[in-house]
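One chain comes next, on its own, written out as structure tokens in the form predicted alone.
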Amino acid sequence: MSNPVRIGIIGLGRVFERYAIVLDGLVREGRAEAVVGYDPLPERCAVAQATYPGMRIAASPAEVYGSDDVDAVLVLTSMNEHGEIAAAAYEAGKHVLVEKPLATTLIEADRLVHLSQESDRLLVCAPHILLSPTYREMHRRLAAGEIGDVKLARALYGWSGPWWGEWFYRPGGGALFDLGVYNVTSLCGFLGSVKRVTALVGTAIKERPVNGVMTPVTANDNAHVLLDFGNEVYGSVTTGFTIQKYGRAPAIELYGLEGSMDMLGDDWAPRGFEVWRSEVGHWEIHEEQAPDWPWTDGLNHLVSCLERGVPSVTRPEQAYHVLEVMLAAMKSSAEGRAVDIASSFPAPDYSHEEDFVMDERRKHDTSL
């Protein structure tokens, strides 16, 4: 695409504030244009329109994805709205970026995957953690066998929980969909498709303050999930709105037969990584090369893929698989048994990104 990608936004709340950081840069570069937005709260619409004076305010989500002057729609609503709105936008002929999870039921997610497979339009699903330079470098090193076959992995992410939205604590919300989705996406990107899940998932805090009002909690807020990737490869995810703070524990630990590799920081905000190779005998520290990398980088990736006419690194099939794993974790805990996973997904393909980076380098270095 030679013209700016025309963006429609559904949901102008806290998550949009973070996407706006990326959108601002794209607008300044002439690569994107904020055309129309919708939110049920007028005060959010007023802030967004002040930020993007040329942006219209729609009366409904349908008015956003039904607009002829919109190329791509960002779905940044509460989680239980993602599937329906994303599918409607996709069926309206738009490219779609949907926040995590892509849906909260497998029926909705399956519909989205099939729509994407039958169309040449992009469906970019959060979380976008596979795009960070740190994740990509770790993925490259693992694929090259730097620490041998990985047989064990551990992932961690949690905090004390949001205080601004009741939907986080209602069915369709919860810590697994909001937090655990990052860790499951990370481990699946590194290790492939999960075969079986065993988990403990519960609600540890039965009532929480939300916008100053004590609110019953009916969604999960505490989880420990065991993942069986087959071939004696096992992983675990510890997550919840029950974690006040954790210290220097890495976000991701990968244990191979010839060494270990840890992602420092969180997988949505990495701070470099470290590698232990048995043949070397000490930790090699790799400092973070992109400390300002935003977890909303999927928007930049969407625009870049449209400009170059290439598929996205993050695939709807993986987002579906991650959702199936999280739902299986809830089922495993409720029924006290292991749950098999039926879906699989293709390995992340970074080839288009590698070619793009090399082309950019050639523009500035004639020796290449």
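Being a predicted model, the structure only gives us computed values, none of them experimental. Note that residue numbering begins at 1 and tracks the sequence as displayed.
The following text describes the form predicted together with a small molecule, which does not appear among the structures shown.
None of L76, M138, V197, V73 but one reaches within 4.5 angstroms of the small molecule in the model of the complex through a heavy atom, and that residue is L76.
Proximity to the small molecule in the model of the complex, defined as a heavy atom within 4.5 Å, holds among R44, R31, R315, H301 only for R44.
The small molecule is not shown here, and in the model of the complex it never comes within 4.5 Å of any heavy atom of H95. Using a 4.5 Å cutoff between non-hydrogen atoms, E108 does not count as a contact of the small molecule in the model of the complex. Contact annotation for E81: at least one heavy atom lies within 4.5 Å of the small molecule in the model of the complex. Remark: P40 counts among the residues lining the small molecule in the model of the complex, judged by a heavy atom distance of 4.5 Å or less.
Exactly one of the stretches 158-166, 233-241, 185-193, 220-228 approaches the small molecule in the model of the complex with heavy atoms within 4.5 Å, and it is 158-166.
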